[in-house]
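One chain comes next, on its own, written as C-alpha cells: the form predicted alone.
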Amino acid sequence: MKIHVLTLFPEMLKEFFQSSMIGRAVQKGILSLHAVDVRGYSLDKHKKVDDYPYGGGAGMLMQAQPVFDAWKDVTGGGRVRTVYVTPQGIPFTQRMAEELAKEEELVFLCGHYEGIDQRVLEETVTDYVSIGDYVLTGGELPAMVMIDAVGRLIPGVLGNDSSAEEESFYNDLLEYPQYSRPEIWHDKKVPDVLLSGDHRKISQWRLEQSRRRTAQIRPDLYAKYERRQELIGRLMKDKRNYIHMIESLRRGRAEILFWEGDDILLYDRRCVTCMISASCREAGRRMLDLIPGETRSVVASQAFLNELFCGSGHSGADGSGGGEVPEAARICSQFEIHSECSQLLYTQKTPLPVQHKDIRLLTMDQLDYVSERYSYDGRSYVEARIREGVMYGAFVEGEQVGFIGMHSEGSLGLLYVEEAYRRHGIARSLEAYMINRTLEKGWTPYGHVMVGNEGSFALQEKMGLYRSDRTVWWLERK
C-alpha cells in the first residue's frame, strides 16, 4: 500500500515512518509512506501557504493552490481515496480502518490554522474523518493515529496471523485484562486460572472477562455482541448448512445487515463478501436493496437466490413481469455463478494426528511456487493469503511438495500436493495440520468442496468431517 501525507510539517512524521511495526513494514516493502511538504508547491516567493478568510474572522486559512498542486502531484489527478483530517468529520472506527486497509493507495490531508479553502476540499477529498470531538493544532497526529490503525491490518505488517484478531473491538468485545511477571505485585496476585496451563479454561475466563468489561464500559458494543450471539444460537440448529455464517459471526468478521426469522444477510467487509439465506424469493428480493455496492462475492444458501443475483428473475419490481427494475437489482444482475459447493465441518475438539512432520508457515519466498500451481483465484489472492500468515507448505528433504491455506472468508482450502507425492498421506497431514491450527483458535474448521469433486469428499469424510445436505453457491461479480 502507498500512503501519502500532505502536511506543512513533514518532519513530524519522519520518526513515525521509521519506527516500530510501521517502520519495519516500510523496510520490508509492505508499506510505502511519503510525507509531502505542501509549502514546496507554493507559488509565493516566501513559500506562503495561508491567507485571511473572506468574510473576516479570527485566524488564517490554508490556500487552495498549494494544496491542490501537492495533491495532484502525488495522485496524478486520479481519484485516489483522500482523507481530510478534521474535527468536523465522521468518527474514525476500527471498521473504517479495515475498509481503508483494502485500498492500494491513500492520501491523508492535514489541515492547519482555521482549516483549508473549501473549494480544494470539494475537488480532492473523498472522506472527512475525525479521531474525536476535540480540536488539535494540526492534522498530523490524527493522521498518524489512522495510519497506525490501518497499517497494522495490512497482511504481513504485524508479522503473525493472530495479533490483529485478538485485541480490543474484536467480535464487538473489549480485550480481557492481561498480566505478566511477577506473579504477586503490591499484594495483588495473577488470577489462578492463568497459571493453570489449561488453555480451554483460560479461553473461557478471558471471554467472560471481555464480556463483563464490555457490558460495563461499552454497553453499545455489548448490545451488538448479544445480538450476534442470539443469531449464532439460531443458526446452530442447522449447523452443517450454516457453518459459514456461524463461523463468520463467531470470528467477529460478519456484520448483520438484516435478520428477521429465517431471512439473514451478513456482510464481511474484510473480504467484501455477503452471505445470504432467504425463506422465499420475495424475501430475497427485499434483501437485495441492502447489498453494499462494493460487494465482490455472495454466498447464497438457496437456488432461487441465484436467479435474483445473476440477472434472471428480475422481470419486474414486484415479480409480475412489468414495472421498473430496482437499482439494487441492476447491481446484483452483474453477478454470475462461480462455484456450486457442499460444506464440510469438523465438529470434534480433539486434534488430528499429523504424520508428515515437515510442515512450515509459507513466506513470500514461496509465492511463485504456490501461484504457479494455484491459479484459480489469481496471484494477488495467493500473495494476500501468504502475507496474512495462513498458508502452510509440506517439504521433503528441503523441497516443497504441497501447500494448504485458509481462504479470505475463513474456510480451509487451497490444497495442493505434487503428483509424485500423492497417496503418501501428505494431503491428509496438511489438512490435519490446518484443522489443528484452527482448533487452537477456538474455531470450528470447515471447508467448501465443489459438487462433483468426489476425491476431495472422500478425503474429508475419512478425516471425520461432516457433509452438509444442502448446496451453497459462490456468486462473483462479473
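A residue's number is simply how far along the shown sequence it sits, counting from 1. In this text, the rigid core denotes the largest set of C-alpha atoms whose superposition between the two forms falls within 1.5 Å. Keep in mind it's a predicted model, so treat the numbers as computed, not measured.
Absent from the display: the form predicted together with a small molecule. The rest refers to it.
> Decide yes or no: are 86, 131 and 138 jointly within 4.5 Å of the small molecule in the predicted complex, with each residue judged by its heavy atoms?
Yes, each of 86, 131 and 138 comes within 4.5 Å of the small molecule in the predicted complex.
> Consider residue 142 of the chain shown here, and say whether it contacts the small molecule in the predicted complex, taking contact as heavy atoms within 4.5 Å.
Yes, contact at 4.5 Å.
> So which of 147 to 155, 86 to 94, 277 to 285, 252 to 260 is the stretch with heavy atoms within 4.5 Å of the small molecule in the predicted complex?
Partner-contacting stretch among the options: 86 to 94.
> Align on the rigid core first; then say whether the Cα of residue 268 has moved by at least 2 Å between the shown form and the other one.
Comparing forms between the shown form and the other one, the residue 268 CA shifts below 2 Å.
> Using a superposition on the rigid core, decide whether the Cα position of residue 226 changes by 2 angstroms or more between the shown form and the other one.
No.
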